[in-house]
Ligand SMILES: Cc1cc2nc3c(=O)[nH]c(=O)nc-3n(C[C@H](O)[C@H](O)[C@H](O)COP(=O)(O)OP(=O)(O)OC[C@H]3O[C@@H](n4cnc5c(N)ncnc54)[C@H](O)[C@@H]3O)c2cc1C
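The chain that follows stands alone, in the form predicted alone, written as structure tokens.
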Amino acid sequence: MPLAELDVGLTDTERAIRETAHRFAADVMRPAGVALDKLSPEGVIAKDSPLWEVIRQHRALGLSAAETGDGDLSPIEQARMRYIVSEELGWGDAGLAIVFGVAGFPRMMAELSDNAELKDIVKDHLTGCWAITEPDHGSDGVDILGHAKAPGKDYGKPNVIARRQGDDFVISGQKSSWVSCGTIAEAAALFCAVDTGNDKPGRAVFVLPLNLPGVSRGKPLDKIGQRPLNQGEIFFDDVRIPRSWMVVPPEGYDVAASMVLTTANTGMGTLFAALARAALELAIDYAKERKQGGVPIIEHQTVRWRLSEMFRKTEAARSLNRDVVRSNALNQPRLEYAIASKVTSTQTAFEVASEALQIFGGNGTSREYPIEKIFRDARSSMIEDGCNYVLGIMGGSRL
């Protein structure tokens, strides 16, 4: 049962794009997501995997452009288009939606530079990645101002360091298994430490193709949820790149990293409010069909109350996220609001998916029913793009 649409001011163009995105999510993403979920991590990225056809169809539809926004649209119109499309993709399959999202990170960061050659290098890549997480620095990597550090302590040595050598940088080290699209990405937005000769390393952002000498990959990660989303290590062994591929220098890192995390957390808020919506819809439909005590279980008061609670939480998460998306488009984006949306939506997704699984009863634990996969996908969301607890400390410190 589709939920009523509270965003009543949609234009004809917005409705048409939403319908296109919904059809793609229902007809392509959902069946592909189920198929990919059953494969090994190696099978997900094999040459004959359905993953590549889904990526190709997504790009052919031009939905990435709709999410990013069109230059002819106002900022608020671009923002509306982004969440309209992203909601439908998150409803379709969370893991695949994240694949589509991270694919454009190198292009987004390249646009910050005036380097036409660099922008040309990454413009046609189907898959990119945001290479920030490291073996010794998971959520540490997004704690830009160190709010979550223990008193008097530091985060320790970085795993990846770019060292200045003449007009080049030489990069060495390891990014962790949690880099989304890490073993298949063609380019990276690389967030890492940089040694420019000062006593204390700074941090900077580079954009680089990943077919360079010295770049290698680890095994794709085998994980509980979002299995269509490839994740894995990237190793840099004296990878030499020109200085011009630094798109954010150390003095601009904090601002750029905050901007990227704000964008990422807002996007996660959209995707997982949509996943909660998907779980709620499945639960309502099942409650109308499943009989216990001689009647469909939706006729039992306790079931109706539980569905109402799931509905309340889902619509609250959707509403908060939409307000944050709109505010970011019209005002100076504020990370604490993006964090609030990400934490609210992912926590809601997990709670609603868990309650939906309970409504399915024993069938909910079977892989023959989709709610089991949605429950696993939701659980992962409270850790990725910053553990919710660390994000909460960061958000509170900004108030």
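Throughout, we count residues from 1 along the sequence that is shown. Computed from a predicted model, the values in this text were never measured in an experiment.
Just so you know, the form predicted together with this ligand exists too; it's not on screen, but the next bit is about it.
Student: Trp245: heavy atom within 4.5 Å of this ligand in the predicted bound form?
Tutor: Trp245: no contact with this ligand in the predicted bound form.
Student: Quick check on Phe100: any heavy atom within 4.5 Å of this ligand in the predicted bound form?
Tutor: Although this ligand is absent here, Phe100 would stay clear of it in the predicted bound form, with no heavy atoms inside 4.5 Å.
Student: Residue-level contact is defined here as any heavy atom of the residue lying within 4.5 Å of this ligand in the predicted bound form; does Asn265 satisfy this criterion?
Tutor: Outside the cut-off, so no.
Student: Should Ile171 be counted as a contact of this ligand in the predicted bound form, where contact means heavy atoms within 4.5 Å?
Tutor: No, no contact at 4.5 Å.
Student: So if I measure heavy atom distances to this ligand in the predicted bound form, which of the stretches 176 to 184, 157 to 165, 118 to 126, 83 to 91 falls within 4.5 Å?
Tutor: Of the stretches listed, the one contacting the partner is 176 to 184.
Student: Would you mind picking the one in Ala188, Val142, Val324, Ala283 that has a heavy atom within 4.5 Å of this ligand in the predicted bound form?
Tutor: Looking at the other structure, the residue within range turns out to be Val142.
Student: Let me know which residues along 116 to 137 have a heavy atom within 4.5 Å of this ligand in the predicted bound form, or say none if there are none.
Tutor: Heavy-atom contacts to this ligand in the predicted bound form: Trp130, Ala131, Ile132, Thr133.
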